[in-house]
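Presented as structure tokens, the chain that follows is alone, the form predicted alone.
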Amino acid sequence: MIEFSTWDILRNLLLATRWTILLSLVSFVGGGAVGLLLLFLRISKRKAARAFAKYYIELFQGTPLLMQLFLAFFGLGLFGIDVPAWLAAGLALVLWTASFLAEIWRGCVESIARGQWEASASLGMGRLQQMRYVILPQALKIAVPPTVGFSVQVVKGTALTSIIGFVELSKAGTVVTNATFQPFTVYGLVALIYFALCWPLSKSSQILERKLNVAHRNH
């Protein structure tokens, strides 16, 4: 029987961690782009646009991410579309992430005093100009802490992609456990790696939130 040292196990887990990080980045950046579009639709003056964004957000927030992964991977296969696990994982996570970021950002935009909209409108600014030059710069300061905080959920959400065969950190933990028969060592290291990925993000969110509260009190 082959003996596996702790370093051998850790090295294999770290190789898979690269895919966890990459999938998290793709999900967050892609979700941010789609979420920004949803934000503009959500606050649009057009009723149809607001309705579309509302029902999109309710659908993706109101259904389990696991189900969305299954539909992206197996559902498209029913129509003869062969989707690789990495593509299905990225697509499902991008759409899921977008629904939450859009709502986080909508709350931040709507927290800006109505007078800011009225003042910018009195200067002859259009809707997009108002958003670009007046509303978004102020909302950005409020949005940073919860946005960074949500990134922790994105990182942990990547663990569910193992169910469709994508080999990220948690899937690698299962594979390594089957090879080494050392579940406590393997999953202990998996937990530590997830902690090392998520703790700085969580801490950054707390620090940014404190700075924002101090800035508000000073004003």
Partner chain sequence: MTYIFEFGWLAEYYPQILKGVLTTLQLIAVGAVLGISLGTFCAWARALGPSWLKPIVATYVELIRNTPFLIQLFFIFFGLPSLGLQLGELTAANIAMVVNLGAYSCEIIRAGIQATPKGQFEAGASLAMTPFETFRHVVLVPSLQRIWPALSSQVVIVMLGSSVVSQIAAEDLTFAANFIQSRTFRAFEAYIVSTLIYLCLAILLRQALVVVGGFIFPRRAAR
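Numbering follows the first chain given and starts at 1. All of these numbers come straight from a predicted model, not from anything done at the bench.
Here the subject shifts to the form predicted together with the partner chain, a form of this protein not shown in this document.
For the chain shown alone, residue 190 is a contact residue for the partner chain in the predicted bound form, at least one non-hydrogen atom being within 4.5 angstroms. At a distance threshold of 4.5 angstroms between non-hydrogen atoms, residue 64 is in contact with the partner chain in the predicted bound form.
Contact check for residue 71: a heavy atom falls within 4.5 Å of the partner chain in the predicted bound form. At a distance threshold of 4.5 angstroms between non-hydrogen atoms, residue 44 is out of contact with the partner chain in the predicted bound form. Interface residue among 49, 26, 34, 163, judged by heavy atoms within 4.5 Å of the partner chain in the predicted bound form: 163. For the stretch 147-182, the set of residues having any non-hydrogen atom within 4.5 angstroms of the partner chain in the predicted bound form comprises 152, 153, 156, 159, 160, 162, 163, 170, 174, in sequence order.
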